[in-house]
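As a starting point, one isolated chain is supplied in structure tokens, in the form predicted alone.
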Amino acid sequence: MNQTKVKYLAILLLTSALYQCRPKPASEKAPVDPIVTPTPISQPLVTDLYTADPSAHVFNNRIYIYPSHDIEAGIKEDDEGSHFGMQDYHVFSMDAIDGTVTDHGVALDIKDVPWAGRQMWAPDATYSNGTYYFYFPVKDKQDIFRIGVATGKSPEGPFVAEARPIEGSYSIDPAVFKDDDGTYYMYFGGIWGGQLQRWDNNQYHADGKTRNPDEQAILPRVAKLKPDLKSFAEPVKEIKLVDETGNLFTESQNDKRFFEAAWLHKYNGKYYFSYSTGDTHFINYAVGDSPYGPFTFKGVVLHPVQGWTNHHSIVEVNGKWYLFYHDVQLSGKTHLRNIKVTELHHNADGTIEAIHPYK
């Protein structure tokens, strides 16, 4: 290499070094690393619209899912859940857990519920004597959450709503359980936006507030249904949710106390009451010997998912148990969710193996 080329190369190297050492303008600074999104253990079952709060059942050897239908309602987010402005329900089904999901379209619209005002939240369904019953919470014309019932001859709907809500019903998240003797029970309730804190001894108090940290936590509710499955057979009862020593939880124990999303399943003769802790985002479970409880806290079913809410159902399909749940993988927004499913395992001692929703 001649002297001229050596000098030219030296100048290039020096210039490059000085360029790299100069202060960089904002436009040239290295980008901030993006937030790492965890890898989920399962993928959304529905991707063309937003769905949440999946209540799953097996009817006629087919899996049916009754979720909320999330929409962008354009309402500012608040602790009352005003931004969850859902207006109708779709029903989905599949012939197997890994099968193709069919959207059966709108099963019930708010405009077809005579007493409804706004916000159609998490529903459930059951079957008896040739009729399918669809249960749903919605605020009435006075902006108080009530629970309605609609009926149809097919598990996918459409459903026709009764002219009035179930007498004596209130709050949100109805879940209907059929016991081995053929008796049906409804479990329900949700604090904060679900208004359960406004109800004391089944009486409504508009100024009802959530409790102080050292006060007893608000309890979930249950009522036996009449054979018509459209009305309560008894006054609504509180469900005792207790620790291993039999003590009720306080509001400060918000990683264990009830917030919303009640569900009941039966396994090896025991009743498993599962629920969301809300502001700490767990799905927990407790076990009892009666559909009325008391239920003794045992642990976590599902650890927190992405998004503020956590809501589920547990169902047996062909001898295996599954957890249906939701997160916000598709949207990244708390009020635009997507339903999912993963296998659930009961251990030999009757406990449930806790599920971590991300790898």
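Note that residue numbering follows the sequence shown and begins at 1. Note that the structure is a prediction, hence the values are computed from the model and not measured.
Although it is not shown, the form predicted together with a small molecule is what the next lines describe.
Novice: Which of these stretches, 222-230, 239-247, 103-111, 171-179, has heavy atoms within 4.5 Å of the small molecule in the predicted complex?
Specialist: Only one stretch qualifies here: 171-179.
Novice: Is residue 313 a contact residue for the small molecule in the predicted complex, using a 4.5 Å heavy atom cut-off?
Specialist: Taking the distances in the predicted complex, the answer for residue 313 is no, it never comes within 4.5 Å of the small molecule.
Novice: Indicate whether the small molecule has at least one heavy atom within 4.5 Å of a heavy atom of residue 124 in the predicted complex.
Specialist: No, residue 124 sits far enough from the small molecule in the predicted complex that none of its heavy atoms falls within 4.5 Å.
Novice: Is residue 309 close enough to touch the small molecule in the predicted complex, meaning at least one heavy atom pair within 4.5 Å?
Specialist: Residue-level check for residue 309: yes, a contact with the small molecule.
Novice: Though only this chain appears here, would residue 84 touch the small molecule in the predicted complex if you measure heavy atom gaps against 4.5 Å?
Specialist: Output for residue 84 is yes: heavy atoms within 4.5 Å of the small molecule.
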